[in-house]
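Single chain ahead, written as structure tokens, the form predicted on its own.
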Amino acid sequence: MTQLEAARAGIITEEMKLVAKDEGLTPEEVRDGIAKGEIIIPKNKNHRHIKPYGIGKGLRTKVNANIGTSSDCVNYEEELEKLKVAIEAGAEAVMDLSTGGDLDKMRRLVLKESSVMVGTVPIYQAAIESRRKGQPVVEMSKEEIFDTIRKHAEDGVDFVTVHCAVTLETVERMEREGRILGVVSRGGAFLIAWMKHNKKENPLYEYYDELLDMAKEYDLVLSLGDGFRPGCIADATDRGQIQELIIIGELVQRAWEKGVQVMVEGPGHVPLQQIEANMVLQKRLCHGAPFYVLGPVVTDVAPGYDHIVSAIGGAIAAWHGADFLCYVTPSEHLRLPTVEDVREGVVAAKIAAHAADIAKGVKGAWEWDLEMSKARWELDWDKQIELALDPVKARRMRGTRPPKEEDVCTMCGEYCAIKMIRG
């Protein structure tokens, strides 16, 4: 029985109880949200040692960190260090997006070491293994794609990105309108190339019911990927993106009918003035399913600072309904992220998530800031650092320029406004 089936039957699972305790809600509230499809708990039946988190309406906005090898950089130890740092910085999920080295080894190491939910994009491995066998990516079979998804599910992956709404019709709509930056989703590009070469429909769409049966077996959450997400702000909210979203909305309903948990992935690069509309469209067309966004990145001209760019977009997106933020690191568009890039990316996304939670009235968000304000009035530096979103950095910065008087900081020193007013 999946979490969705249990909720519909009125059953409160152990995972629902843990999520309710973590969120300060009643188990009944969590159960009812899952029954409606507005909340999910990504936890594969084979992934037993992780802390379950809820994603969706009324819950804290969660953050995902992408890690993984590339064909140019294969260092398993470094990727495990990124995993450790991401979790320490507050990520509630990690995705292994490895494309280099032993892909099974990397995924299984992440699953073994992670204390949070783990996601993958199985089409990457299917395409890469096709190449390694001397077979062009466009000649991989439907069975090879589905066998790879099953392998990830069997290993214990909690959610998989599947680009089921990348269809022949959506490709035609995108191409008729035209784009500046085409398709930037790797998974989407693999499938579009496959469809054009084979002159056939996307097997993830054509055999979607078979995929649902597999997901139900493991209580594997399907993250319905946005293969047509805009790769620059000039392409945002175009026909290809919206046509894919319409199809995703239909696939959400079909998943619910089978008792399968789903969430929806969203853009991408989106200018500020379009973010709210994108969130409203998703929630309306996809019937309130949890929304998972990459960024959004709100300007294309800040390489090296894209963690800040995406935090701006992420805060606005979450305020208007996004439930799950995929971090962006300072190295986005430039290189594979370092361990420090991962830490900075997670912290930036956590700031965006918390700022949105205050605006949404999520339980506990406002109170956290209130406690910090009280600690500042009391000039209680230990408490301020304890309450900081990144206490490690706060303590380090506090110690690098110690004040002459311990109860103030070196910005104001003896002219501290709080100290003067308090007397």
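Note that the coordinates shown come from a computational prediction; the quantities given were computed from them, not determined experimentally. Each residue number is its position in the shown sequence, starting from 1.
Form predicted in complex with another copy of the chain: not shown, discussed below.
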Worksheet, complete the sentence: Per contact check vs another copy of the chain in the model of the complex (non-hydrogen atom within 4.5 angstroms), the hit among 43 to 51, 56 to 64, 29 to 37, 375 to 383 is 375 to 383
Practice prompt. Tell me, out of H197, K151, H333, H287, which residue has a non-hydrogen atom within 4.5 angstroms of another copy of the chain in the model of the complex.
Written response: H333
Discussion item. So another copy of the chain isn't shown here. In the model of the complex, which residue out of I180, V280, I246, L80 has a non-hydrogen atom within 4.5 Å of it?
Written reply: I180
Discussion item. Within 4.5 Å, heavy atoms only: does S71 come near another copy of the chain in the model of the complex?
Written reply: yes
Worksheet item: Taking 4.5 angstroms as the cut-off for heavy atoms, does Y207 touch another copy of the chain in the model of the complex?
Response: no
Worksheet item: Is the gap between Q273 and another copy of the chain in the model of the complex 4.5 Å or less for some heavy atom pair?
Response: yes
Discussion item. Does any part of Y76 reach within 4.5 Å of another copy of the chain in the model of the complex? Heavy atoms only, please.
Written reply: no
Worksheet item: So which residues in 335 to 355, when you check another copy of the chain in the model of the complex, have a heavy atom no farther than 4.5 Å from it?
Response: R335, L336, P337, T338, D341, V347, A348, I351, A352, H354, A355
